[in-house]
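Okay, here we've got a single chain as structure tokens, the form predicted on its own, with questions on binding and movement later.
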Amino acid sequence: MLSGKRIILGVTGGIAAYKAAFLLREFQKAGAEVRVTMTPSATRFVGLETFASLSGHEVAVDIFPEKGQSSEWTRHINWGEWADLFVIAPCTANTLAKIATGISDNMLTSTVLAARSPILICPTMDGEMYESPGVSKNLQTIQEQGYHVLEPDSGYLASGLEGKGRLPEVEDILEKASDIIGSIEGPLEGKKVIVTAGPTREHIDPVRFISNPSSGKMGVAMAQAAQSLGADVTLIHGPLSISIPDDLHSVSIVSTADLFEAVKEFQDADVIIMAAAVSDFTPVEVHQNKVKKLSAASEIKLQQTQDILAWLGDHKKEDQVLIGFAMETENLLENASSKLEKKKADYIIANSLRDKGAGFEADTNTVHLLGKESEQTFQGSKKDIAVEILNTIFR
């Protein structure tokens, strides 16, 4: 249930903070992407560099960061929209009280208020503290407010005493997190989504073909994003340079003609996302044997391939959402807007090969989402962009 999910891990200032590093790793092993926010006191137990290195992201601590840190003081808003689940482990009595009363005096508590996702709180403290009237009242309050709580374990505590207050085992936290995520109905729940990805190959002979450098990363990211929002996804792909997740149903094709036939089988899907880099031309003649250099003609005659996106636009059913892609080298928005209208698509996702860190084979991208009455720009990793785009369209 955690594969492909995005989790914020909140760490507060208790001795169990060191265990959060192991929890982060287990979330990652389960296929989740994790970002960490810490209270200032938590950094006295575990250094920022530990969580930054493990997560691959800068750790958020202060609302107004110190010099040398990210100046994005609105991170609590962006992260609150980004996450599928927010897990606070360990959660001290102090942070618990702040959450119960709506106090937001650091990045962690501010992100709690901004979060759109479910929040799982793992209260962890000394036994006498846990049993105190104030903590009991705050636990009751946060549960009435809709927060999820995983009760602490009993055992030997940092104080040297025994009692209830230990951070639950990592496996128990993962199980609870999976249960929470599994109970969430995403905006694409019950919807059939088709995503095309990667290049097509138009063969000249058995060993030569016309193609392009598409890796399929953006298409696979779109498929995973749709799946994380509850969709029943089928990925139709050409020859990819990346592996396909095991839990993603896929159909392999080679040529544009193959892709067209595969797409027609799923033309009644609720959402069709045409992310494949489809060849516009194919050889008129395909040789059955390898063409020898000495006997080869100096020209290859080409003909246009089927315009699949246009065909889908002409055969679009009511309430179906059709999303196309546009890769350009000039006049990006003008050409994308024209494609949106001509292909009768609902959205076009446009990007330029001229943008740094964008285009074929890159892990990052800069794209423009064009709708009939809207335009938005997204920049970052292809995985993050994919989720942001679908959240924008369907939430």
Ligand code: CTP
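Everything numeric in this text was worked out from a predicted model, so none of it was measured. In case it trips you up, residue 1 is the first one in the sequence shown, and so on.
This protein has a second form, the form predicted together with the ligand, left out of what is shown; the following refers to that one.
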(message) Test of understanding: in the model of the complex, would Phe325 fall inside 4.5 Å of the ligand by heavy atoms?
(response) yes
(message) Please determine whether Asp172 contacts the ligand in the model of the complex, using a 4.5 Å cut-off between heavy atoms.
(response) no
(message) I'd like to know if Asn138 sits close to the ligand in the model of the complex, meaning any non-hydrogen atom pair within 4.5 angstroms.
(response) no
(message) Please determine whether Thr305 contacts the ligand in the model of the complex, using a 4.5 Å cut-off between heavy atoms.
(response) yes
(message) in the model of the complex, does each of Glu26, Ala32 and Lys176 have a heavy atom within 4.5 Å of the ligand?
(response) no
(message) Which residue, Ala83, Leu188, Met274, Val233, is the contact with the ligand in the model of the complex, using a 4.5 Å heavy atom cutoff?
(response) Met274
(request) Go through Ala269, Ala89, Leu96, Leu309 and name the one with a heavy atom inside 4.5 Å of the ligand in the model of the complex. (result) Leu309
(message) Only one of 325-333, 32-40, 45-53, 365-373 has heavy atoms within 4.5 Å of the ligand in the model of the complex; I'd like to know which.
(response) 325-333
(message) Do any residues of 280-300 have a non-hydrogen atom within 4.5 angstroms of the ligand in the model of the complex? If so, which ones, in sequence order?
(response) Asp280
